[in-house]
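The form predicted on its own is given below as one chain in structure tokens.
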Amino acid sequence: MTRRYSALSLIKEGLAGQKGWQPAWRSPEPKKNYDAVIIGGGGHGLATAYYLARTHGISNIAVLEKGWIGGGNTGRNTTVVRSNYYYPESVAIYGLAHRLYEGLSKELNYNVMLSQRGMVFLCHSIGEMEIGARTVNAMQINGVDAEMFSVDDVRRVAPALNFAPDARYPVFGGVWQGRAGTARHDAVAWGYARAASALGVDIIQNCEVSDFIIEGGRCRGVQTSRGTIRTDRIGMAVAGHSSVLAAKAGFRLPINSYALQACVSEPVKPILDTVVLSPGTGVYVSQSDKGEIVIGGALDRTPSYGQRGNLPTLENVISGLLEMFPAFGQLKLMRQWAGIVDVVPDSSPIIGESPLPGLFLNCGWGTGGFKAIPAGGTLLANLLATGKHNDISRPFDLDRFVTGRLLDEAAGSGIAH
């Protein structure tokens, strides 16, 4: 049962240094042996630990995070949740995540603040309207809620857009998913952390993996900044640092790491009641519950591990934003940041056993990692528990780069969170 606090008690607790609050999850010293170890304390790693304990009954688990819980991409994104992808395999995996998100607050007994306000992909020409119609048809065939919007429909859900006849990117219509929306990124991480801890999972922060223990050609544990930890099952969910850890394990992944930048404005009164993405400007935008305008754009194509923005990218993103919403030129920016995303050649994730037996992968989500957290955790947990794929994760195995059965979702996931 969740304890309720009055405003006065919250103020008193803050002034007292928060000494009267119980931690939301345990932070024990690491043990020498576990039944499973998850590297990465972001959304995917925490969800994996939770589903391993809840679904598969494996609770002797450690989640190892080199920094703090949710300090990576989980806390550095634009929080969009959607499942409007093109290929059946992608629809299956993102659709699973979307359905789990819809029940996640109840599942975790923690409000993740899912707001299904809808999302519209704008079309800026007759040709884009034709492609949009084909996309909607494919989505509907695959069981995704999708609708083709006219310009009047777009005006109804986003009246602040630039509908001027001489606009550089005129609005002809768009592709609409009504179930799409946003969720609170840190709440997702905290909810999974608390629920996993309650099931017996050890969440160990400030614990960096420096090497893998390999015996008899199989992964048998890890060397960390807090000592040696042995296990026969390791899941790796470290997003943009996947290639770094893969190198420590002795293999190479088809991944490039880039900084995906975003920024937010000062809070203002409600003006944007949905999520809007423009392929023409490369910008996507929504308004948070606090009133901030949340703005994202295309990747900075210079490989980087810097979790910060830069002025050239900011200039490109803001110029695109002002083409879409001229009235936003009056706003003041509050902050800018970046998440380190792991981009794969076909813009689809990698889920499966690595070339090192005993080490399993959950990576390659690129810009789509946040929306996929519940599915990524569910599928990696299944692999760790059974050693086998299910039908949803099988197409995303690393072996597709050998067989050539790629799933090119660049159009669906290239820039949008």
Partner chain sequence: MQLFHCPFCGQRDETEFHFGGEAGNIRPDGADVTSERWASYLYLRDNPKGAVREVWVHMTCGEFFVMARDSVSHHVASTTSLDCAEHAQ
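Numbering follows the first chain given and starts at 1. Predicted model only: the values in this text are computed from it and were never measured.
The following text describes the form predicted in complex with the partner chain, which does not appear among the structures shown.
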query: Check His241, Val244 and Thr302: does every one of them have a heavy atom within 4.5 Å of the partner chain in the predicted complex?
result: yes
query: So which stretch, 252 to 260, 123 to 131, 167 to 175, 192 to 200, is the one near the partner chain in the predicted complex (non-hydrogen atoms, 4.5 Å)?
result: 252 to 260
query: Just to confirm, Trp25 within 4.5 Å of the partner chain in the predicted complex by heavy atoms?
result: no
- prompt: Can any non-hydrogen atom of Ala16 be found within 4.5 angstroms of the partner chain in the predicted complex?
  reply: no
message: Test of understanding: in the predicted complex, would His56 fall inside 4.5 Å of the partner chain by heavy atoms?
response: no
- prompt: Using heavy atoms and a 4.5 Å limit, would one call Gly103 a contact residue for the partner chain in the predicted complex?
  reply: no
query: Of Ala327, Met334, Ile141, Leu311, which one comes within 4.5 Å of the partner chain in the predicted complex, counting heavy atoms only?
result: Leu311
query: Which one of Pro345, Gly217, Pro270, Gly227 is close to the partner chain in the predicted complex, taking close to mean a heavy atom within 4.5 Å?
result: Pro345
